[in-house]
Every structure is written in C-alpha cells, then in structure tokens.
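As a starting point, one isolated chain is supplied in structure tokens, in the form predicted on its own.
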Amino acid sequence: MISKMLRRARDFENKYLPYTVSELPKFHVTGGIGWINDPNGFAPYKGEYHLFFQYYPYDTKWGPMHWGHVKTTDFIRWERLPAALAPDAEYDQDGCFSGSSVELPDGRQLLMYTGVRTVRRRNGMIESFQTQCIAVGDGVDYEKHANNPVIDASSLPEGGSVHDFRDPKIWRENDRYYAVIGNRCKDGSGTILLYESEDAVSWKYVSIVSSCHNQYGRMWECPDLFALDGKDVLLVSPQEMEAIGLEFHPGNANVCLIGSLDKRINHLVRESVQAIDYGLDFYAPQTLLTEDGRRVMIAWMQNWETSFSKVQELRFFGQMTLPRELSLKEGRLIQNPVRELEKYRGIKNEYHNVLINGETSLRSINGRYLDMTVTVRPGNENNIYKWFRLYVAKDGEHFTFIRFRPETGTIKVDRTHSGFPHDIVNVREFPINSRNGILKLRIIMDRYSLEIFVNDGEQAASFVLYTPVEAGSISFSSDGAVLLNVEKYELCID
C-alpha cells in the first residue's frame, strides 16, 4: 500500500522531472530533481542492478529522507523508477536513513534501512532514536514490515548508542542473513556491529567487527564488509576525521581496512589501512557482487563540508561516482571504472611521444564528456622534469589543474577556478607510487564531474566541478622536458 507521503513524492517526480533532463550528467546517477546523498540498496535483483539513494525531492538541500530509486543492466545507462520509501511511519517519521537490499528466496526484494525518530526533551534538547527497519516489495513498490523496527536498542552491546546506530549493510550467506551496522560505543567513537538472522526479521547481535578508538575519525557510518581476492575488506565513512599526513584528510572521510575476519570471534584482524578515494568529493561507498564475479563500488560524489555550495539555477544537487571495479594488489585497494564504459566510447584521438617543455594544447584533445588516458615520462634522461600539469574544463576564466611532482611523488588537484560560488576547500594533495617520473592518468569527465585514476587504479580521486559546460579546453605544461602520450575518447551516451 502506497502512503499519502510516498504518493506525494511520486506525483512530484512525475510533474517536475521532465524539466530537468537538460541539466543532468549523462552517465552519473542523480535524483533528477532535489537533493541526494548516500547510495543505498546497491544490489542485483532479477538480472538487473538496483540503486536506491538518500533523497529529498522538494529542495536542493537536505530534508526528511526518502529513498529514490534507479536500475541498470550495465552501470552506465540508468532507468529512473518511482521513489521507493518515504518517512511515513512512527518509527521513521524523521527520516528513512541509509541501508541496503537483498533478493529473497521467494523472488521479492527486501530493503533494510535506519528509521529515525526525534524527541524534544523538557530542557529543549533534541534526541534522535535510530532503529533498523525492513520493507519488502517487487522492485517498484515496497511494504514496510509489521514487526518494524526489527533491530532496536535492546540488542545493542553494553555502551552502544541508540542515537548513533545506523546504515545497515545486509547480505545472504549459507541460507542466513547478516548485517553490519555503524554505532557509537562507550569511548565516543565508531564501531561496526555484526548481526545475524535466519529470516531477516528476527535478528541477534553477534560481535564487534572493528572499532575506531578515536584513531580514524569518530562515528563510523555506512559500513560495507566483503571478501576480495583472498582478504576481507571493511569500508567505512568516518565523521570528524583529523588529517594523517597526506593519506587521510580532515572532515568527513573514507577509510578502507584490509585484513582477515577471524571466524571464531567475527572480528577483523587488520593488516593495512588506507584511504579509498583521495579527492574532495567521495563519501558513503557501497558495493555489490556482479553475476560475473566482480566487486563493484559506487559512492556519493560530494562532501558534507561543501554541500552548501551549489549553482542556484540547477534544480538538482548531488550525484554518484561512476561505478568502479575493485581488486587488491600488493595489499592495497585498486579501483578502475567499470569496463562497460568502454562500450560508449566514440571518436578516438591519440598522440604519441609528444615532447613538451612549457605549455601546449593538442588538436581535438578537448571536451567535457570524455575518457582520456595521459602517460608522462621524462624527456631527458639526465635531467628529470620538476613538474607536469594537466588543465581541464578550461576557458578564459575557468580551469582545474592536476599537477605531478616526481621529486616528492605527489599529485595536487586544484579546482579553485572551477565555478564554485563560495570559498570552500578546493585543493587536495596526495601521495602516489612514483616510478622514476613515469605517470599514467585516466580522466573521466561528465558535465559536472572529474574522476582521476592513477597508475591503473592504484589511487582514485573524485571532484565535483561547476565550471560552465562550454569550458572544454585541455592543455598540458611542464617545467622540464616531458614525453607525452594521449588517448582520448568522446563518450557517447544519449
């Protein structure tokens, strides 16, 4: 049964979505209208891949959270479906927060999410109570379960907080259901809890998978736990992160913990910790396992610190990253664009062994919808270059540049002149695995976004750009001799 609140959201979509088509990216998911943040329910269902997201259709700022809904067969073309959830029950009256989905044995789709209810105390303080809820449906319409909430404060371990208890990631394994959920524990920092169920309705607490102990931020949101290339990987999104060198930047961050899950106590034994994405706009990643065995990840290509800065004339706010294939190499997370993107490559322009020492541009190397690989190596064996820069989304006033210094092995991305109407954080620098001045960059651009993949996916960095779409020039510069290879494809997605 569709509630009045959900019907209102769907009617609003039907009325206004046709007006926003010309504003939207070509192949990055948006809500179409209004606000989106975290990806939710990213999972296969009946031969397709569904993606839900935190959604407020009525404004381009955060509001009472609904779930928007799209689906795809190839991660590039997305079909928009009606809004799936609205905050229309007592236990979720202040928001249907983030969660996940799974296909049930009977062919239905189950959504698991955090229901939020706030209470104002006599002293004026407002407290948020967060519980885990489920809804079941056919891929379009969903009915909230009569037993909601299915996980509440009664199952929290000692010291767990009902005020910070959210973002369940559910999966099915060996005829049982499991879910990892973010929580704040007695020391005030984040912890990831594991729950187990036979029917996805009655749940029991199992263990603490991993805890923060105030080392990597505080509250850990949006956990995702999965096996990858013989290891176990836990993705989390910390709040209140402090900078740690150039690996972790301050604010709302992203962390990948790699190790082995001790099955006796269901605890992750860490072997390494790294950032997932080194850009300014990446949060709340979620993964799925494809039918052909690939682990694919998508995330909110935005950041809470910059979410107030937007182009006023646009009727949507927020977009997702391009889905990425994950793997491990020498103990580090590797990520590259899904291979399906290559099917949408159009005209190819390429150059080989172009010697530059200064600034240059190349004929037909331009545009804002592109898949471009740039390889740089020293042009002088006896005197390595000091720096190399790549400028994109450029006109007489705007540009974004990517600079590589081989001596320090660092990349700096600066979007200061990228069309933002407010003074926000616009510069990010991060270390890479430098190889004698040799660098390979893959650049994906789609209207309002720039995604960078370094050295075949050893690092990724995501950035929102608000440069006018007409600003499509690209140029290269260096201090010292550089040999340059460029392979650029136009991306053709109608």
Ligand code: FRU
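One-based numbering along the sequence shown. These numbers come from a predicted model, not from an experiment.
Beyond what is shown, the protein has a form predicted in complex with beta-D-fructofuranose (FRU); the following relates to that form.
Enquirer: Against beta-D-fructofuranose (FRU) in the predicted bound form, would F282 count as a contact residue? Criterion: heavy atoms within 4.5 Å.
Expert: Close contact is absent here: in the predicted bound form, F282 is far from beta-D-fructofuranose (FRU), nothing within 4.5 Å, heavy atoms only.
Enquirer: Contact with beta-D-fructofuranose (FRU) in the predicted bound form for K169, defined as at least one heavy atom pair within 4.5 Å: yes or no?
Expert: Residue-level check for K169: no, no contact with beta-D-fructofuranose (FRU).
Enquirer: Answer with yes or no whether S462 is in contact with beta-D-fructofuranose (FRU) in the predicted bound form, where contact means some heavy atom within 4.5 Å.
Expert: No, S462 is distant from the partner.
Enquirer: Just to confirm, T30 within 4.5 Å of beta-D-fructofuranose (FRU) in the predicted bound form by heavy atoms?
Expert: No, no contact at 4.5 Å.
Enquirer: Name the residue from N37, S449, T467, T60 that puts a heavy atom within 4.5 Å of beta-D-fructofuranose (FRU) in the predicted bound form.
Expert: Only one listed residue qualifies here, and that residue is N37.
Enquirer: Just one of Q302, N183, Q132, S98 has a heavy atom within 4.5 angstroms of beta-D-fructofuranose (FRU) in the predicted bound form, so which one?
Expert: Checked against the cut-off, the match is S98.
Enquirer: Does every residue of L235, V255 and Q335 put a non-hydrogen atom within 4.5 angstroms of beta-D-fructofuranose (FRU) in the predicted bound form?
Expert: Judged in the predicted bound form, none of L235, V255 and Q335 sits within 4.5 Å of beta-D-fructofuranose (FRU).
Enquirer: Residues in which of 450 to 458, 60 to 68, 424 to 432, 43 to 51 have heavy atoms within 4.5 Å of beta-D-fructofuranose (FRU) in the predicted bound form?
Expert: Checking each option against the 4.5 Å cut-off leaves 60 to 68.
Enquirer: Where, within 213 to 249, is there a heavy atom within 4.5 Å of beta-D-fructofuranose (FRU) in the predicted bound form? Residue list please.
Expert: Stretch hits, in order: E221, C222.
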